[in-house]
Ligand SMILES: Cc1cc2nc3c(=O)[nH]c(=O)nc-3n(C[C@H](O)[C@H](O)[C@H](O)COP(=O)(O)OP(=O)(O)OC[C@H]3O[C@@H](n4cnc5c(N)ncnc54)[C@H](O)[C@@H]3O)c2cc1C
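Below sits a lone chain in structure tokens, taken as the form predicted alone.
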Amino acid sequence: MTNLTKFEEVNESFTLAEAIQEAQRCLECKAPMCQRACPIENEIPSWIRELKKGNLGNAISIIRQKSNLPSICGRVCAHERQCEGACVLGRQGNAIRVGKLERFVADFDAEARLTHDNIPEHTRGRVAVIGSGPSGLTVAGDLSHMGFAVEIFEAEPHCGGVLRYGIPEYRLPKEVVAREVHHIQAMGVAIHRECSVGSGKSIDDLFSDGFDAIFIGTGLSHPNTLDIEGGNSKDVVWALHFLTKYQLFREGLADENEINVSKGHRVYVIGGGNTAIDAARTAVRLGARVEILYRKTAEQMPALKSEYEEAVSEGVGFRWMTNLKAVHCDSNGEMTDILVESQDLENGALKELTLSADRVILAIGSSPSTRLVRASNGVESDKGGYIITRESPYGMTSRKGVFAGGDVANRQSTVVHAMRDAKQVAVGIAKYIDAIKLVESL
């Protein structure tokens, strides 16, 4: 089992020599499948070519033409299903380590302070961005590059959303998130922390303050639950709430008992995505005995294979084709055991099992909070609470000048897919503001 006495980052970066050696393996394909497989069409062969020559300043400049968050994408993107999965060398089981190279270039740039962005004058219009997760940061960075004055309104003390509070430190150090946020600030983006739009400021207030357009990128903050016996027990915890509380404890902003998982606890995580894996690996680090219960097979699990393998190496157990049926508690409301139903992989027979348990962590998805939508006159949402947007201008809601993107409008997705959508919305916002400015000038 992996040594888990430390909580810092698990995967080590390349050295300079290792990075250049890895880059030199790139075949520089004329029709680069790696670039086509990247959701934001990162120009991978171009910056790898610069890295081969040792031109790291040029490499990061090329990367930042497409991505405002390269240190983050290099760590948490699903490379094995995207760029690396499409690499022609992958057919021989030896794909270029694109993610690790991107991380190296971005980290080297930050440590050596190589880049000097040409910041345009921000005279093209004013945009308010609500939320500073992957979509909000992407919209803000792209619009700032286009010459717009951008201000971010973030309800929490720190920026980053799921990057800051939902992805564990061992996968994504918080100093890396803070560094990328600082880069966006250095581009001229203003950030208002602990400023909640919906309960404090309203959409109308922002328009009254002179903003030409507003972007809603608040992500998903309402946990999905299971309608089962004992499902509302205090010992049934939402995965992102657990991960957030743990991060706040690490920063001295929450008590240890708020984490709700302790050494020796028997913990069952429900779900098969990367969030379930993150929750399980974090619980193991807290000294718990952990199993993941997933309703389908290992091959159908949406989590990355690499994340699954690391979880196994750290002692996380897995039960496939298993559903949680009930949670049982004693007279004091303390969890005692859970009832599960498992299907035999060989003959399909169903059987019920009672498993001793102290905690259940739900990682079965989430949906948007409806507070902001309710407080935003004219912004419509569907039955699931997701904000309805249109194709032209891309990302505009039912209210003129109000745009939305990322998970709050497009269902739960990966970081880079939220970024891809946000980049399209940024173009839609630019077209919209240019159009209204043109009409006003006539």
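So that there is no doubt, residue numbering starts at 1 and follows the sequence shown. No experiment lies behind these values; they were computed from the predicted model shown.
Unshown form predicted together with the ligand; subsequent notes refer to it.
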For the chain shown here without its partner, which stretch in 411 to 419, 57 to 65, 34 to 42, 380 to 388 has non-hydrogen atoms within 4.5 angstroms of the ligand in the predicted bound form?
411 to 419
In the predicted bound form, the residue from Ser144, Thr282, Thr275, Ser71 that sits within 4.5 Å of the ligand by heavy atoms:
Thr275
Is there a heavy atom of Gly406 lying 4.5 Å or less from a heavy atom of the ligand in the predicted bound form?
yes
Since only the chain is shown here, I'm wondering whether Arg171 would be in contact with the ligand in the predicted bound form (any heavy atom pair within 4.5 Å).
yes
Residue-level contact is defined here as any heavy atom of the residue lying within 4.5 Å of the ligand in the predicted bound form; does Glu180 satisfy this criterion?
no
How about Val327 - does it come within 4.5 Å of the ligand in the predicted bound form, if we only consider non-hydrogen atoms?
no
Just to make sure I understand: among 212 to 226, which residues lie within 4.5 Å of the ligand in the predicted bound form, judging by heavy atoms?
Gly217, Thr218, Gly219, Leu220
